[in-house]
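First, one chain by itself: the form predicted alone, in structure tokens.
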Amino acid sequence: MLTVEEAIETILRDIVPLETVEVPLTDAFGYVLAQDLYADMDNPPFDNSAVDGYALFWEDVQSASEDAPVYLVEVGEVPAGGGAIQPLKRGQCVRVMTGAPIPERANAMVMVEDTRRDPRGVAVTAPVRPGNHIRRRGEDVREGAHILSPGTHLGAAEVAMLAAMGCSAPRCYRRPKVAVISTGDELVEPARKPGPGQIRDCNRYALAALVAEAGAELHSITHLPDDEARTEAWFRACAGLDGSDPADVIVTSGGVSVGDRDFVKPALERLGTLEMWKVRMKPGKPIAFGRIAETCFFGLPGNPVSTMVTFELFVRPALWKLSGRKQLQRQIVPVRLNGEVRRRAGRREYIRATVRWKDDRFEATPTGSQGSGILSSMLEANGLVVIPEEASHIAAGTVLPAIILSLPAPESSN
């Protein structure tokens, strides 16, 4: 059996990012950038006001107060989107809206809240500092500056910067297309009440959700009974061997062991190559990885927790690499374990846990029974605590690494 690190290395060794496509900016969120982005102009492109108020000379209002306001002559107004007016003179002010250009020579803004209208002019009731509430040209980004690199995952801020720099159709790596397949005669649709020996199919829908969370797209989603011919035919179709549009990745659940009704691994070996099968870990020892033509193949175990954990450890990094991401692993942090763990040594184990920030450190509380069929153990789990292979007893308070699946909750205020 391979170690987890050896398995990940085997999977990622020959995977390269997919081809690039131009993506409309409205659809770019979640894609991975495949180009450098340089500033095509200063941002902001001109000095502008950060508030609604009046542009003035700060020297004119140093003595201003509520009881002794300074009166200025209002000589104009600049709305957002408007052009600047004539240069300002001492003793004058101009009404300027948020985002509008600052009149030439003005060196500060006073908020409208610190003024009032008066027959004698604009009464300024508070002093201001030099440059007060003025956003200077280029203070955010200077023309020609390098802003974003290939491999950047596009969130809201990155999309906003692309827009600000005039990039309306960024070149990104194509999202992987993933064929999701659950296997087993015992599986029925969620809407059906299971009969004797049957269970509802949850893995197919969990995998579809995990694919979407990883930033990939569904190529297809189906359930296959334990039928050798149908299994092979569907694999051929998903890999494009029958002329169909191929998936980039096939992910199956179940059927990867050595039982008489386990057809996933034999079908993979007949149609393509099996590059790995077993990994020294728990949950999820049996996992098949290989290729059918140009399509990556992952055969995950059938127990729900094993399916989800092995997807997290092996499939997600592959999808992220295909997507062009630089960072291929989740964040790993040290956590203090609440409660002890007793187990049989020999395989690395991933304990589902709730991770919280408490007393200036992360704490991890296991989410109950850790059996590979205990789906409820995943509900409160935002981390996987890594138990080393050689350990049989982990005492409470031990510090261990944990893979963070989602943002840890802060310490409760109760």
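Computed from a predicted structure; not experimentally measured. All residue numbers refer to positions in the sequence shown, first residue = 1.
Not pictured, yet referred to below: the form predicted in complex with a small molecule.
K.L.:
Picking from 161-169, 332-340, 179-187, 121-129, which part of the chain touches the small molecule in the model of the complex when contact means heavy atoms within 4.5 Å?
P.N.:
Stretch with heavy atoms near the partner: 179-187.
K.L.:
Does the small molecule get within 4.5 angstroms of any non-hydrogen atom of residue 303 in the model of the complex?
P.N.:
It does: once the small molecule is placed as it appears in the model of the complex, residue 303 has a heavy atom within 4.5 Å of it.
K.L.:
Should residue 192 be counted as a contact of the small molecule in the model of the complex, where contact means heavy atoms within 4.5 Å?
P.N.:
Residue 192: no contact with the small molecule in the model of the complex.
K.L.:
Please tell me whether any heavy atom belonging to residue 254 falls inside 4.5 Å of a heavy atom of the small molecule, as the geometry stands in the model of the complex.
P.N.:
Yes.
K.L.:
Indicate whether residue 200 is a 4.5 Å heavy atom neighbour of the small molecule in the model of the complex.
P.N.:
Contact check for residue 200: yes, within 4.5 Å of the small molecule in the model of the complex.
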